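What follows is a single chain, given as structure tokens, in the form predicted alone.
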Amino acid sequence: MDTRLIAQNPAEVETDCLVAFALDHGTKEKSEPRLTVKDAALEKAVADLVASGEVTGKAYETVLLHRPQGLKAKRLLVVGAGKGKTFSHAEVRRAAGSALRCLKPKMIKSCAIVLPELATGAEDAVRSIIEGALVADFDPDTYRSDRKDYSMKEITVAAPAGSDQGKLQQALTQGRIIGESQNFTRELVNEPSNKLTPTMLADRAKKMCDSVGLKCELMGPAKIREMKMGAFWSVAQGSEEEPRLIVMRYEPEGAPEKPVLGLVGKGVTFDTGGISIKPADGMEKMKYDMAGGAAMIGAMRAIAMLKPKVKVIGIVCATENMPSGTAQKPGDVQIAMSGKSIEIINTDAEGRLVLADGLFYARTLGCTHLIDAATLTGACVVALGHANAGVFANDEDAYQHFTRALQRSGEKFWRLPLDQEYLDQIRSNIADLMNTGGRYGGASTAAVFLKEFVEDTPWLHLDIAGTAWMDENKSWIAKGPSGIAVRSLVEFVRSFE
């Protein structure tokens, strides 16, 4: 999709479809819709729609008008963006996405979105429009033989005449980088496991790194065993597909020696559960058990292109979790890279095993701050549903960096506890730790397991199990992989500049 910026009054914009946002400034009893820009020609064009009640400002409502009077555009699409008092860049992002999802099936190939007035500024609005539009343009039907190209070819942001074009163009470029990186992550997550084995994922990561100037190192079974990554290897040993340890380095000139941020992702390209095998119903979705690793790869792409002055190392532990004659068994004891011993209670609690060695390895590379992402526990989905991802933190300053990142990314995370009682649940009689603490508090026992391998290093854990995959279409995003955490990871890194 081509993206461009113009400084032009809405009435003068020549386009297949002009898009304007409307907000509801009314009460529960009566809506009071108003456009997000004050423009006499636009207001006149939508006056009849407002008077008839067709335009209310309700979130993601779309009303299409052909040959709007007083405008040069062929069509006018009015998109509801919700209540005026809660209007933010998150609503801009979704409203822009709703516009694209509305226009795509109509085979409209170009549109211009009128830049809304936003409390946080025009740059935020531009960036959010582009991110939302790019995310909305993605569809998961990659392998359909009758696939039709509904993609939008060009999107224009129409800013007011006299606006600072330099700053707005920079914001547009940033939005494009982040939106495309989120879609790159979604492409990886969407791939079936026979088309994206651990080695294929590593090759895709290496190709991406080469294209944006990142250093990339790929390590196979011999090196993983040589480094005594017993927790990671215990998951990989049951599969005929070789595992890969993916290390991506961003080391910009002029960056300080510290901090060094470590981004660690779970890259289980297919999870059967191993010997503790999962039920057949729904197992096909376990191709997305590498969504945390894919998020790290997408984030590293964006970081390399945005060029923040901070050092970052991305690590993805890529493997399958398969049942076989060589697979680990419940009751086995494994020795992690850190030297800690782990009693395997359930082989389906494998994500924390690969992350344990990934996090510890990041420390050996000199990372001063760590953040991991993983589709780690069903318990997190039970706790938070599909609305929020879980976040855990052992350091308040690092967590504050992350909350500031969320204010910019618009992604929804909810903090969960790491109390000592959860660690007590995973004490083993035969080893240092068990890899699961039973049914209750499962998201927290998994997180506190990981905490044992980061020790005092400032660390955040993102459990994205409930948000990495959309089970149904939304007005602003297609059913399938969401690309969750990419935007937040990028903003987290940028917060350390």
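What you see is a predicted model, and the numbers here were worked out from it, not measured in a lab. All residue numbers refer to positions in the sequence shown, first residue = 1.
There is another form of this protein, the form predicted together with a small molecule, and it is not shown here; the text below is about that form.
Among the residues Leu460, Ala465, Leu450, Val55, the one placing a heavy atom within 4.5 Å of the small molecule in the predicted bound form is Ala465. Contact with the small molecule in the predicted bound form, judged by any heavy atom within 4.5 Å, is made by just one of Leu201, Ala125, Ile303, Leu376: Leu376. In the predicted bound form, none of the heavy atoms of Asp372 sits within 4.5 Å of a heavy atom of the small molecule. Not displayed here, the small molecule is kept clear of Thr403 by more than 4.5 Å at the level of heavy atoms in the predicted bound form. Contact check for Tyr361: every heavy atom lies farther than 4.5 Å from the small molecule in the predicted bound form. Residue contact with the small molecule in the predicted bound form: Glu320 places no heavy atom within 4.5 Å of it. With the partner left out here, the small molecule still marks one of 280-288, 112-120, 177-185, 130-138 in the predicted bound form; by a 4.5 Å heavy atom cut-off that stretch is 280-288.
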